[in-house]
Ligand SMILES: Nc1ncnc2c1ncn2[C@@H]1O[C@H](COP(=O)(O)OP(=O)(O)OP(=O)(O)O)[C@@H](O)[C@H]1O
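Take a look at this single chain, the form predicted alone, given in structure tokens.
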């Protein structure tokens, strides 16, 4: 992760300029130097010096069409979030990358007590602008938005879901901290269900997944919304772990039942094709909502 290499060279004025650009991006795609001065409360000479430094460190993008302006890139956004999480004592050191998906990067990290945790960094803009239709739950009807902001909203939604589910004591990663588009969770380990050709007791695993779907629906009123074999992990002792919750919806959502049914169907179809486990989606749905 680029941030880990750069952060020691960063000074408080550098962060003031980064935050000023972030603030300006709430209203515009790029931020003029006059606005960066205004938001950072730094003089123009100081702003120019800091912009040159952080631009060389690849934390911002310069737009020279017309009046020169700037915007944060993903590394600059990482820097702001990472700086806060370290300052709050939530993390102290970044470890190796343990996962890379279409919409997030996942790393090991540790705190001051050398406890291992998981850091999830949302990267939704890495996919496609066609994804916007699926992300209306995040952006609503806003005309102006940045992918950085969408990632922040996605992280907030996932953190909210994990916080609601945590008291149930299920094998769901417990949330520890959040800043911008980065979530810190309990350490996660396991293999994606999709990557397993054989499992010892597929019926038991299937029933465990359905049981967790049911408990979460009945006790906290949450539907995963994007459940399938790619976001169910199985660890070394056979416990399942349902991950990736940013697209969750409440059970009273107008499309709640159809989305819950789709989640169940995805699991039923996978287990039938891969492990020959027979099931009835309609019966499972009725037992969950009864």
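Numbering follows the first chain given and starts at 1. Note that the structure is predicted; figures quoted are calculated from it, not measured.
Form predicted in complex with the named molecule: not shown, discussed below.
Put simply, of 98, 203, 110, 75 only one has a heavy atom within 4.5 Å of the named molecule in the predicted complex, and it is 98. Proximity to the named molecule in the predicted complex, defined as a heavy atom within 4.5 Å, holds among 57, 40, 231, 69 only for 231.
Using a 4.5 angstroms threshold between heavy atoms, residue 181 stays clear of the named molecule in the predicted complex. When the named molecule is considered in the predicted complex, residue 173 lines it closely, a heavy atom lying within 4.5 Å. The closest non-hydrogen atom of residue 118 lies within 4.5 Å of the named molecule in the predicted complex. Not displayed here, the named molecule is approached by residue 106 to within 4.5 Å at the level of heavy atoms in the predicted complex. Residues with any non-hydrogen atom within 4.5 angstroms of the named molecule in the predicted complex fall in just one of 183-191, 88-96, 209-217, 75-83: 183-191. Along 236-269, residues 243, 244 each place a heavy atom within 4.5 Å of the named molecule in the predicted complex.
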